[in-house]
Ligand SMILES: Cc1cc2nc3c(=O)[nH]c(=O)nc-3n(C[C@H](O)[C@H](O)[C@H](O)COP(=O)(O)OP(=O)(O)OC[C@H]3O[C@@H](n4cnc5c(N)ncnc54)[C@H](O)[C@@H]3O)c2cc1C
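Below you'll find only one chain, the form predicted alone, shown as structure tokens.
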Amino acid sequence: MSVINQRFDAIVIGAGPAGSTAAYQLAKMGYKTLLLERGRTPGSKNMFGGRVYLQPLKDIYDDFEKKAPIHRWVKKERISFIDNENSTTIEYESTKTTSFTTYLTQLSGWMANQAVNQGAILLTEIRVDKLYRENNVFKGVVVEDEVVNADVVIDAEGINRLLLEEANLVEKLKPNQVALGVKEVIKLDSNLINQLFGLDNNDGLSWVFIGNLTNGIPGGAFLYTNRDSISLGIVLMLEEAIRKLDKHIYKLVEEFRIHPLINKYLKEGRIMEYSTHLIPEDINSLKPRKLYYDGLLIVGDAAGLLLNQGYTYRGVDFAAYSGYLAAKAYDYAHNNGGPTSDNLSKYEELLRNSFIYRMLNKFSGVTELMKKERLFNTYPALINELASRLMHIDYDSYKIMEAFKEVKKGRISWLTLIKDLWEVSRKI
């Protein structure tokens, strides 16, 4: 379909959760919408851990939990502290759930189809060369030297913000602003997954790991159960990884997969996918100077709208909801004189009054906290040594405080411990 000579109300760049949701909401409100995706299919350029939080998506899509490609509902949570081959695990299980696992390619594809069903035009394998601007007003995009015109452009290109960089709206990414996530997807029979992890039917597990799996580099690891596969990965703060990692990062993932704690679950599986992705971390420095301009709105990862809570990431629900709010902001601008910067500032207002900014502000100190290496080395070792002294009993037994004083001796002072506990309690 030729779109060169057509004019659209809105052009959305990127058919991930943010872009597809923006296109869906715009088309649902009756606007002529073009959704452009660089990959072969929506979501083919996307990567994430595997877990999505439900409620914001329920607010956007009718009967989301009945129609969306949900693999498993997360009802079991584990956090393990790793020190070499030793581990101490905390587990929580509930009959209720607020999250699920899925493949992002499937979810993004489903969201894009919802946009198409509402009347949006979806074109894949389309590379946008740059944003088109006249007299500092964005009026469309350039594709293969041809201009496609629109009233507003919504940039959902993701964390690799090449279009925004070319337009001089953001600076190039710096290593201290992002983390690097690497993931393997391992095929396993669904019944075997249930048996291995103690799950029923479509129930799922989210498992987070903290410790020297990351070779002393701030970060962590994760395992999520899908319908008939396991998502297994490691996340490292990129600046620290560049300075300290003495091996290719894929070797860390391999070592994680064959770790005694993990390998017993995965030895019957086969690797079916390998992927890597940059993750927004230092949101304050990464966020564009503005998220709205004359004729332009910025959403999702491109806007730095991802949350690290220290024990989980929230990305898909933030991205989708930002796209939803961008569509509402355009509708407001359209009905109040057009998509000027002043009118599109409604987007910032909507974000400020939403759970997105509320949560980003609430957890704003997590990035700095995650740079403390002892959280990933010293404390997991202390926890495991404490557990060892309490659980490995011969003739005599330790009291808890007696064992703790012994394992911390020479490693960390009471003052540092109290300061760290106070900081963690305030920021996480």
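These numbers were taken from a predicted model, which means no experiment stands behind them. The first residue of the shown sequence is 1; numbering continues from there.
The following text describes the form predicted in complex with this ligand, which does not appear among the structures shown.
Taking the partner from elsewhere, E281 is found to have every heavy atom lying beyond 4.5 Å of this ligand in the predicted complex. In the predicted complex, this ligand lies farther than 4.5 Å from every heavy atom of K247. Although the partner is absent here, L382 sits far enough away that none of its heavy atoms falls within 4.5 Å of this ligand in the predicted complex. Although the partner is absent here, G315 lies within 4.5 Å of this ligand in the predicted complex, judged by heavy atoms.
Comparing 149-157, 187-195, 336-344, 283-291 against this ligand in the predicted complex, the single stretch with non-hydrogen atoms within 4.5 angstroms of it is 149-157.
Shown here without its partner, the chain carries P218, I356 and K372, none of which come within 4.5 Å of this ligand in the predicted complex through any heavy atom. With the partner removed from view, the residue among L266, A167, I126, L199 that has a non-hydrogen atom within 4.5 Å of this ligand in the predicted complex turns out to be I126. Note on the partner interface in the predicted complex: the residue among Y132, Y224, F256, Y324 having a heavy atom within 4.5 angstroms of this ligand is Y224. Residues are counted as partner-facing when one of their heavy atoms sits within 4.5 Å of this ligand in the predicted complex; in 133-153 not one qualifies.
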